[in-house]
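First, one chain by itself: the form predicted alone, in structure tokens.
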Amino acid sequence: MYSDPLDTWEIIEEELRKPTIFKSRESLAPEYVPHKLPHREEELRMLASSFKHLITSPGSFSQKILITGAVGTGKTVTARVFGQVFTRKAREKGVNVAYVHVNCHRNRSLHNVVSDIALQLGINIPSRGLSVKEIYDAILGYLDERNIYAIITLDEFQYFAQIAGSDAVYFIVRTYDGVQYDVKRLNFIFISLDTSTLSLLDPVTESYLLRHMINLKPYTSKELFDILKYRAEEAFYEGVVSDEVLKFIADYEGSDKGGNGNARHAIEILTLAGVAAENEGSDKITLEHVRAAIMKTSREIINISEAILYSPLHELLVLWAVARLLRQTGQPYVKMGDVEKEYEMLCEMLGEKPRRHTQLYEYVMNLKKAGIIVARTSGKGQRGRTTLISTHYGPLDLLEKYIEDLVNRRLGITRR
């Protein structure tokens, strides 16, 4: 029997009336900066010691620290928490220290990195195009005029080094070389997955950073339990999450139990389990909610999401085309020409104007440099020479769905 559908107002009103188990859902968001960092206290002490000179003898030298560690080991949040608290402490002691956090995946070029530093410092850059050196000189002048010292964190530094190249890295790292500065106001934290990018530096700088390196180890199940316990107390009302549930997630992800020790992934599982429980109208998160959340996630998908979150739209479409073809053909590699045709079909479906071959090839090379795809020139047994493309990430259906969702969200934003 036909019944009148609810109108939009009633649907929203109905949802808003439902009780929630979340006290502070933002406490589980990837960008959230917590007040405490369980099991990163020693690293915070090392950072405080490294930048202590900004309070005891400000401007005496330019400190450079390298933070390394796998995805989800707390590199970004450790730097952000340190920067947030250290700048407040410095101001209490009469020293004006600014903290700037640059995402080098979003800002792919040296010009974009330097421009973002200026923007975060509140420097008005003229609308006319300025060179990198002009913007950098403006930054140094601004800091001098206002007697400000700065800690600049370049997050995902390995990506910047791979895409922008050694000259761009040298420009940043050796800021005070060759010119006599009485006061050195810029200090740096470089965040990288590993030390491989140091090969782009000259031996002196590489040696310096290796001596001033903080390596974050993957979290054990016990450490993850403590992290989840703290976040759950912030995010959920009392009694919603049991220790049994938290231990189940921690054991699944802990490095000592066969997991990656990825705190971000563990928190993502907790978040999805909470959403599943709330959607069911349950006032508690159960192990079944956690199992359902684990089924929705994949360590591979979480890892690749870090790498493609800020990729240009058409670079995502190229990756989508690769994933579709690999899944449809069941082959280990697909040809560049076939990828191009699949990409054009996706563009037509989405109403996007396709980019030219040279631009597509550049996208493929960027994805290769970022470690998302494998691309090689065909050898013997192939008629003609072409680029063969594959990816180690999977399952492919989950990868394809993730990229599709990301593309749809991106288009929804750009077309408003």
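We number the residues from 1 along the sequence you see. Given the structure is predicted, the values throughout are model-derived calculations rather than measurements. We call the rigid core the largest set of C-alpha positions that still match within 1.5 Å between the two forms.
Below: the form predicted in complex with a small molecule, not depicted.
Although the partner is absent here, Phe190 sits far enough away that none of its heavy atoms falls within 4.5 Å of the small molecule in the predicted complex. Under a 4.5 angstroms non-hydrogen atom cutoff, the small molecule in the predicted complex lacks Gly83 among its neighbouring residues. Interface residue remark: Gln162 is not counted as part of the site for the small molecule in the predicted complex, having no heavy atom within 4.5 Å. The closest heavy atom approach of Asn107 to the small molecule in the predicted complex falls outside 4.5 Å. Judged by heavy atoms within 4.5 Å of the small molecule in the predicted complex, the contact stretch among the candidates 56-64, 366-374, 24-32, 349-357 is 24-32. The listed set Thr205, Thr76, Thr87, Thr175 contains one residue whose heavy atoms approach the small molecule in the predicted complex to within 4.5 Å, identified as Thr76. With the partner omitted here, the residue from Glu340, Glu315, Glu306, Asp251 that has a non-hydrogen atom within 4.5 angstroms of the small molecule in the predicted complex is Glu306.
Comparing the forms between the shown form and the other one, the C-alpha position of Tyr310 differs by 2 angstroms or more, with the core used for superposition.
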